[in-house]
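One chain is shown next in structure tokens, namely the form predicted on its own.
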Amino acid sequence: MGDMFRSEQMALCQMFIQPEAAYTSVSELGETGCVQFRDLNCTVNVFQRKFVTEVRRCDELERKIRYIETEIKKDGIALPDIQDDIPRAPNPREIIDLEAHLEKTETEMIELAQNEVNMKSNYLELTELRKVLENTQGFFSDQEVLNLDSSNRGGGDEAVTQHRGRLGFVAGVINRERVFGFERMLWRISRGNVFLKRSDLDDPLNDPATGHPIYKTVFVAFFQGEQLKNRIKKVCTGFHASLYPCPSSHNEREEMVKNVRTRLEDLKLVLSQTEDHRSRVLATVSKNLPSWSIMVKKMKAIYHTLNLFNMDVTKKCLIGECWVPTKDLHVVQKALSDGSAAVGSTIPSFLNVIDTNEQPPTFNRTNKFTRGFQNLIDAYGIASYRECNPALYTCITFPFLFAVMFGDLGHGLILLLFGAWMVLSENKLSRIKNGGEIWNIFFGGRYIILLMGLFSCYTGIIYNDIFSKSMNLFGSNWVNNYNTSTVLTNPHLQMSPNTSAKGVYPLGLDPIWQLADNKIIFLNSFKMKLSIIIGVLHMIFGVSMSVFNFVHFKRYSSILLEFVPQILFLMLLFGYMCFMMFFKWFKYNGFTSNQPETPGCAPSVLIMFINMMLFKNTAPLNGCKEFMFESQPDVQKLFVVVGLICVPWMLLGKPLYIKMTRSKNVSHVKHNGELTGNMELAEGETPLPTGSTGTESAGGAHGHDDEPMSEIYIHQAIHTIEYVLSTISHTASYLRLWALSLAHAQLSEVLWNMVLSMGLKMPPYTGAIGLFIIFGAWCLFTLAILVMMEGLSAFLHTLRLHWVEFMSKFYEGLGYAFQPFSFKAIIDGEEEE
């Protein structure tokens, strides 16, 4: 947890690697995942870099792997899961064998696919011919056989043929959706002199290229004359109809059908053998394909990274620049040594640390528990380098503020069980790759959901609320002192704490409030004051966090000129209001005999605060006092005056200080790469802190050396106005804790009274069935409305309270994320896409 208070200290380093050890060294760095490289070839076109040929080679290998993977998925073969045994980056010599194997497999698959398409095309043609021969049996009769001749083989000239009335015919198959246009076109070109008979095929045929079903129709067109025959064939060609020879003799057709069926059986056997061979090849390849894919991805990432390096003038050394966490410098040094040893390089690679004034990237080391909370902060803005990280405190304050709005033991238990299931089964659930974006969000925030459910159970116990009902765990501390007749004859009775209360309920609210008519009034007052108290404490904590930033960045003047007036303004006004709430709870009670201290004389804290700000007075009731203690008017005036003095203090203090000290500060401007303390690191050594961590211009601080004084005055005026107004608006904004808590409780009560209570009031026998149905509807509405919708609403409001009300007091969020070269991040990122 200590690492989360500030981002990791970073060092800008130079790497000097021998070309023969470059591949293995970068591979080792990719496995560690703790180095962010910088591009030293920004001016060089991506197609002119040193390793662009190797990158293209990897692209070609990826294309082949994608093609083979598509074929494997087409056949429904499952790929093995290798998350527990991820291979390392391949040796450049090993990739030659892999390339040859993929080339051979791809060629074989292409040949098999082409042969299969050709055979399926032949099979389709033979199937269509068989359908034509079988379906045209009913188109011909014994009398027609004497007059039909598809080839006009009968002797004699055309005049004799026409005189005898001999008819020609054309048979074929056409797509069913084109039949009506085909018929119309034949009628137009022949002027009604073509007789067309057709029969739809019941079973669809499969397209040889795509495998999609095709519905077709068998047709026979009868005509007279050779010229009309040529026209019909042209129309058939235009409509993509397949024509097949069809003998006019019944015996010839029967013989032809037998031959076609024999050929179909032979072709089906060949297709079956081809499918078996294809399946065997794909099954063999599928065992190694995931490993090959990861190996090629790692190899491509290595060459992409090597393209960021610069070659020295002697062409004997690769130079790279990178950001490294100082805690991981020994890991990087060891990775470079292992990379050099892997290829037997005699010249070791070494690392130089460079002093620079450039702002380093922000790296917060997280684990599976804190990663979700860190993502919430990073969604607002990446922290400036080395400034305080709100995620450390968000781990507790976020689920707590959520629970204040979602305080119900039953609903909190549902969230707790859901989060616990995801946490306990995280190893199995993490293997789900295609769960969708919503599932990934839920699973990534599983520990947030777990804590939100746990804290909601706690606040549900404090509110004594479980599905809008109360639990009588310790027995009510209120006693009914009225007799039976008084209770039966009076619809409303008031119970005084003096006579009816035996003490304080041990934990949370007394269950008797569930029956009280003034339950809403009491809970409103309680939750409203609780929201203001929590909000003011949260904002005071946020303002106090700015001190740690000022001390770390050595901006000690800002403690006096910014923090002190800010905390005084907040404490003397709104902190005083919270103090008066507690003072009112302690001073006024029903057991005292002094009338000014009885509950009826208790003044309104809100009215008192308004009068304090406006220097007004409100006349008290008879026998009561306007103020809670004697010196309260003088104290309030002092607090308001000091609070008003804080405004010009914040407005003018910092600009005047900068103006007075500007002439004394003569700073030397460093340029990136200026080696003021450049040193070579031996293995195991840890460098001194680098960068400008302690300067005014460091991350998390604003430099004003070159800024005009007019800009500084305007900038400070904006900040002062924003803080003064936001202190008021942010305090009111925390009332959302009360509003959403009230809305959640009322929705839960309405759902119970309007839905579930109906089933509980039904007659015994029919009520059993009705209660079963109504209980299902109540569960559905509870999950959909109260848990999911209300939970999402409370989550978003909690997120706003942290982003705006809390983090704006000390958090700048002007940094950029540390994005290390990591094989794991590359592979996980591609799987999510």
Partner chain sequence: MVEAYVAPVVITAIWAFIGIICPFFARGPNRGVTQCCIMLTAVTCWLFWLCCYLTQMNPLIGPKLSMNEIMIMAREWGNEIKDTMDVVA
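Positions refer to the first chain, counted from 1. Quantities reported herein were computed from a predicted structural model and do not represent experimental measurements.
Not on display, but discussed next: the form predicted together with its partner chain.
Trainee: With a 4.5 Å heavy atom cut-off, would you call residue 463 a contact of its partner chain in the predicted complex?
Mentor: Yes, residue 463 sits close enough to its partner chain in the predicted complex that at least one of its heavy atoms falls within 4.5 Å.
Trainee: Consider residue 599 of the chain shown here, and say whether it contacts its partner chain in the predicted complex, taking contact as heavy atoms within 4.5 Å.
Mentor: Judged by the heavy-atom cut-off of 4.5 Å, residue 599 is in contact with its partner chain in the predicted complex.
Trainee: Can you tell me whether residue 300 touches its partner chain? I mean in the predicted complex, with a 4.5 angstroms heavy atom cut-off.
Mentor: So residue 300 does not count as contacting its partner chain.
Trainee: Would you classify residue 517 as touching its partner chain in the predicted complex, given a 4.5 Å non-hydrogen atom cut-off?
Mentor: The answer is yes: residue 517 has a heavy atom within 4.5 Å of its partner chain.
Trainee: 356, 459, 136, 337: which sits within 4.5 Å of its partner chain in the predicted complex by any heavy atom?
Mentor: The residue from 356, 459, 136, 337 that makes the contact is 459.
Trainee: Of the residues 750, 86, 638, 493, which one places a heavy atom within 4.5 Å of its partner chain in the predicted complex?
Mentor: Result of the distance check: 493.
Trainee: Which of 494 to 502, 564 to 572, 339 to 347, 301 to 309 has heavy atoms within 4.5 Å of its partner chain in the predicted complex?
Mentor: Selected range: 494 to 502.
Trainee: From first to last in sequence, which residues of 565 to 586 have any non-hydrogen atom within 4.5 angstroms of its partner chain in the predicted complex?
Mentor: The stretch 565 to 586, when checked against its partner chain in the predicted complex, contributes 582, 584, 585, 586 at the 4.5 Å heavy-atom cut-off.
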